[in-house]
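Below you will find one chain, with nothing else, as structure tokens; this is the form predicted alone, and questions on how it binds or moves follow later.
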Amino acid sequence: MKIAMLGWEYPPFKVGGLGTHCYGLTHGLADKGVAIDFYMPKTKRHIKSDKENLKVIEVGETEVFPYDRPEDKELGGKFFDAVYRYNDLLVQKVKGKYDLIHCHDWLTMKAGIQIKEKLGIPLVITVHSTEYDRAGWIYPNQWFIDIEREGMQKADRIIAVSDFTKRVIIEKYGINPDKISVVHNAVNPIEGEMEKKNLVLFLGRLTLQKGPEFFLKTAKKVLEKQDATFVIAGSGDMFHPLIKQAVDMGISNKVIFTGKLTEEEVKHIYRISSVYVMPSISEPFGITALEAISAGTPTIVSKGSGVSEVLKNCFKVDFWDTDEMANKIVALLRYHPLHTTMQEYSKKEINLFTWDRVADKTKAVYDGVK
């Protein structure tokens, strides 16, 4: 079986969980004898594959990232031009004999539809996040929604990363549930635990979707009961407003903003944090929760996340319930037996979340549409 897979990020060029997914999935499939040509934009450094059955093909440059929104960067026409240009390049470059084409999210859907028609092969789409998620369910952009709906309608099969995402696809895009398969994500474990510091960590894009403002509101309430340092790791359009929020709340001396971190810095901050919090307003899955647990850090996740469907040994709270979130953080910081028990059981649990399992389930989807 040979697959043409269309993406836009691949480690070390990585913006978010999508890059992690594409890396884990392609390696898992390659190990099972599936030949994959992974198409992505050119980067400043050439990306080479380390797998015999996996070839990474760079097809052109674009400054558009998977989570960009035109109103955020004031790209206007340039944004839309860049998306169309990348899709046009893909249609020109993807040639030869493939069994099917596999797209990830909105940015390559138009190309996927055209290549399906050009080569006469099935189209599989993985939905990692929808426009409703990225907008935090406030003022979603119709341009993105239209692209996503067309891609989902034309796809022969859709893979959703959670039951939550499957419901969104059915209810908001009107897609037949029979052509949607749910394949939950996995994790590349972070090895080598370190001594825990008195740190509470938020790590992710600083956007409305991820709920960092609720993390700060929670921090304020925790600090009324318990001393701790709160780390906000990542970058995004809310970076400066969040700094102002911390100052206005009078807790800026207890909050560290790291900006964007390298891969090694991310692993280090996971290892030394005592608690990880993922207060997302809308989170189709949430690989970061699994990464934190693998580094030995007890985790609190939003009930509105896909990972909460399958992860048992963590605390689950509503993103808006900052009182309950604060109570859970204080409990984990104060009570050593609770901390160590959650650490032990959650680490055992994530051994189930392997890319080998994801590859098996994805290959089963492929086999069903050949």
Partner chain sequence: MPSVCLYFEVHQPVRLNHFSVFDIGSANNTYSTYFDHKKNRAIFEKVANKCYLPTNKLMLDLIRKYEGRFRISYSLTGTFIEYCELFMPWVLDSFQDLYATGAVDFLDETYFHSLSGLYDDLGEFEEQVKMHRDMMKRVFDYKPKVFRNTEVIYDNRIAKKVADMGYQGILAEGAEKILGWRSPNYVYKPANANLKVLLRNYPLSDDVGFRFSSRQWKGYPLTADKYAQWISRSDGNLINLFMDYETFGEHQWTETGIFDFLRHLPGEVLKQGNLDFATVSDVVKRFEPVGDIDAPWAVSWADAERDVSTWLGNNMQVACFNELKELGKKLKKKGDPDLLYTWRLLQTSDHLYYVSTKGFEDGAVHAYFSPYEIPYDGFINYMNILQDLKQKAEQ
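Residue numbers count along the first chain shown, from 1. Computed from a predicted model, the values in this text were never measured in an experiment.
Quick note: we don't show the form predicted together with the partner chain, though the next part is all about it.
Between the options D323, E309, D318, D31, the residue in contact with the partner chain in the predicted bound form by a heavy atom within 4.5 angstroms is D323. Between 115 to 123, 274 to 282, 237 to 245, 220 to 228, the stretch whose residues reach within 4.5 angstroms of the partner chain in the predicted bound form through a non-hydrogen atom is 220 to 228.
Looking at H27, you'd find every heavy atom of it more than 4.5 angstroms from the partner chain in the predicted bound form.
Contact annotation for V59: none of its heavy atoms lies within 4.5 Å of the partner chain in the predicted bound form. Interface membership of R334, defined by any non-hydrogen atom within 4.5 Å of the partner chain in the predicted bound form, is confirmed. In the predicted bound form, no heavy atom of A35 sits within 4.5 Å of the partner chain. Contacts of stretch 319 to 349 with the partner chain in the predicted bound form, defined by any heavy atom lying within 4.5 Å, are made by D323, E324, A326, N327, K328, V330, A331, R334, Y335, P337, L338, T340, T341, M342, Y345, listed in sequence order.
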